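Shown here is one chain on its own, the form predicted on its own, set out as structure tokens.
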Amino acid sequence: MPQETMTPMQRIEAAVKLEPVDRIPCAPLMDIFFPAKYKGFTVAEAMRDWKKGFYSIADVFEEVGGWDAMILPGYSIPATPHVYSSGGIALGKNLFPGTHLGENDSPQFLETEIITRDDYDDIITLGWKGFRAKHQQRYNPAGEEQTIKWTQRQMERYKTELKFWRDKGIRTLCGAITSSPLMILSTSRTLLEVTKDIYEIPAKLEAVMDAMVDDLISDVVEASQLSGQSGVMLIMERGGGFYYPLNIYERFEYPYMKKMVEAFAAEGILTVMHLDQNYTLNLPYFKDLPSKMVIAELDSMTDIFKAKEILKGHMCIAGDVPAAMSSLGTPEEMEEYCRKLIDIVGKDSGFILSTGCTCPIDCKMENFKAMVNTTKNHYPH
């Protein structure tokens, strides 16, 4: 067992800055679904009762003896408290357990075309915030007063979650959440329709993204200041090589992602790039992003060992225990894989052992414990 000489906050800070660590830190992406199921109440209960949902995460933390950091503090949203917030989360229809789904089902996102090509002229002319202001009833049907109350409540809950973890001696990496313009349009136009736009009206699509990006940046800066945590999760699930060839990535994803990350770094905001799906082809581009101000958070689809080869000395990597291993594997398999990650990706620091995307609802507790304990018991470097 490695001798611990650092606090969890010191350990995670050193990993992000690519500095020596006493052992590899562990920071799962943890929402309420696995903890709720493990604690014996339904997902619908956890979503209806914020305290019950959030503190189920805290109970899991205590049972396994703690870990080193949270990527997100819980499951509230750090929304800016004004009705015309540009919004970095996908626009669309959400289906919730207990309402549209069974009591123990995970929430589902129903991808529908709620932004059309006809909306593009408004976005170009008005910007992303202006477009949402003009179409307030369309995207905020509850009305301005109710929307403001909801966003204020979400931010206060988010701040409570952040404080809870700080009081435990661990930090949260993200005080804001946003998405790239391509990710937002992909979910609100649908993947099929935005791909048609890429090939049929590329110049206009580019102009739309140009009109969106500065509003997205300003909202992150504001949300980070309000939450008091200088970090952002940048969701980019649909721009990588799994979906598009590199010439598409170079035009419709990378320039906007780079502008956002550079703007965040200039404000002292750490970017956690949430990279679901396979970004192996795109890894070399990340070397042009600000050094030691970005975490590449991988979900087990990207080749994490290739990521280490390419990004070593430039960027911290987080990941990438597969959901299937958490749910269907054995503790022995979990320990073996985590040891491999620590041995290879953890060499010379710059690595945070984490779940591949979020911890799945049907994760086995013995497997989760094996993941956390491996970071505490294995560090051969």
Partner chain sequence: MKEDLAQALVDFNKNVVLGEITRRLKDRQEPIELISELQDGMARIGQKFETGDFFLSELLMSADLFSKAMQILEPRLQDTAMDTIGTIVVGTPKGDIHDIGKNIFVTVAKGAGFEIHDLGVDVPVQDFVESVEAIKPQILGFSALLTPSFEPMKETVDLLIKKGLREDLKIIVGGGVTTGTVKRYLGADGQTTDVMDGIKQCKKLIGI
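Just so it is clear, the structure is predicted and the values come from calculations on it, not from any experiment. Positions refer to the first chain, counted from 1.
There is another form of the same protein, the form predicted together with its partner chain; it is not shown, and what comes next is about it.
Contact check at 4.5 Å (heavy atoms) against its partner chain in the model of the complex: all three of L95, R238 and P360 pass. Screening Y244, Y75, Y254, Y120 for any heavy atom within 4.5 Å of its partner chain in the model of the complex leaves a single hit, Y244.
Only one of A142, A266, A207, L191 lies close to its partner chain in the model of the complex, with a heavy atom inside 4.5 Å, and it is L191.
By the criterion of a heavy atom within 4.5 Å, Q152 is excluded from the residues contacting its partner chain in the model of the complex.
Using a 4.5 angstroms limit between non-hydrogen atoms, E222 is distant from its partner chain in the model of the complex. With a 4.5 Å cutoff on heavy atoms, L110 counts as touching its partner chain in the model of the complex. Within 4.5 Å of any heavy atom of its partner chain in the model of the complex lies no heavy atom of E309. Residues within 4.5 angstroms of its partner chain in the model of the complex, judged by any non-hydrogen atom, belong to 195-203 and to none of the other stretches in 195-203, 177-185, 152-160, 224-232.
Along 258-294, one residue reaches a heavy atom to within 4.5 Å of its partner chain in the model of the complex: L281.
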